[in-house]
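The chain below stands alone and is given as structure tokens, in the form predicted alone.
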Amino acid sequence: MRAAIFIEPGKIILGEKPMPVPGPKDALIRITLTTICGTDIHILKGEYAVKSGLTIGHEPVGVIEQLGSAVEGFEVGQRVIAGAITPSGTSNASLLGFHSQCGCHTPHGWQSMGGWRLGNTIDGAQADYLIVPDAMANLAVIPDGISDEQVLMCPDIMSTGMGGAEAGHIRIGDSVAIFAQGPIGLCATAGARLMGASNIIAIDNITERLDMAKHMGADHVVDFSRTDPVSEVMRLTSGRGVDVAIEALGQQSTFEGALRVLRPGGRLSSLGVYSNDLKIPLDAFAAGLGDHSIVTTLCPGGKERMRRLMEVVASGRFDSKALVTHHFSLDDVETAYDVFAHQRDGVLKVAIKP
């Protein structure tokens, strides 16, 4: 089968691999649609280390081709998705409700992101076929009447962005600022609207993304190339600051900006993947006395999470297809990486169809 294979930093190629064979608790799915994530670009750049020879990708939409001998409740031929996070459902972290951290306790100590396996510790979704581990905990059947493209954002981008809004504990009537309006930030904007925020401020410097932010529910947009975003957010909140700030890029500047616009007792919900150490400025942190909360989120996974997200899509309350701006075949995956990594041609998300 064909697969997008990580060779070394700066090099992901389309190559060939043997067809994978599912174990007793696994499912083999034939990929019908997948995409490229910002985390895949971190892998490409060598900012997040994975082993050479790994198939990349963690956002699968497909059809069940084969089921492991212990898998019940599914049938060959069903259309399914699986989350980017594939918890076992039985680990200590899973039983505590932290599915994303499943498997973090290893013989070598604790490590984060144990639930992220696809395209990280095992072969991923940018291929003709994919093994979904612990299928009974992770496969979610796509409802009739919903297209593959409509659910493409559910495995990661939608789950992560809306997870950031949920982690921020947004309440009806809240003011919320979202720093960066890439795909995850846009989903956070949509999530803030769904959770009842009444004053949503989206910050970016790309016109198309600011326009999309309005489509996703932003009340105000701020172009940080034209005005200081912190000053503008404070103006738009009459000097009060926001109840919740969401950081969706993974940069020192956006993290610091999100901290500076919080009201006393406000919450910073961090979604970015950071490549360097963060510094917390003393004044913005109120010397540690501002009653602020800083919370991080890794994409919630598991089949129940996927079911809920697909219900949101089916309800018409979230326009997931609007985020897919470019389409490629799997044969053109290297071109897709170039377009997405360099943000060419107004790209938001690419759809890759084997």
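Predicted, not measured: the structure shown is a model, and the values here were computed from it. Quick note: we count residues from 1 along the sequence shown, nothing fancier.
There is another form of this protein, the form predicted together with another copy of the chain, and it is not shown here; the text below is about that form.
Here the chain stands alone, but in the predicted complex its contact with another copy of the chain, taken as any heavy atom within 4.5 Å, falls in 264-272 among 144-152, 202-210, 177-185, 264-272. By the criterion of a heavy atom within 4.5 Å, Lys25 is counted among the residues contacting another copy of the chain in the predicted complex. Though the partner is left out of this view, Thr90 does reach within 4.5 Å of another copy of the chain in the predicted complex, counting heavy atoms only.
In the predicted complex, at least one heavy atom of Asn276 sits within 4.5 Å of another copy of the chain. Contact check for Ser320: no non-hydrogen atom falls within 4.5 Å of another copy of the chain in the predicted complex.
With the partner omitted from this view, the residue of Leu33, Leu298, Ile64, Ile43 that lies near another copy of the chain in the predicted complex is Leu298 [heavy atom within 4.5 Å]. Using a 4.5 angstroms heavy atom cutoff to another copy of the chain in the predicted complex, all of Ser198, Ser238 and Asp243 count as contacting. Within 4.5 angstroms of another copy of the chain in the predicted complex, the stretch 143-171 places a non-hydrogen atom from each of Met162, Glu166, Arg171, taken in sequence order.
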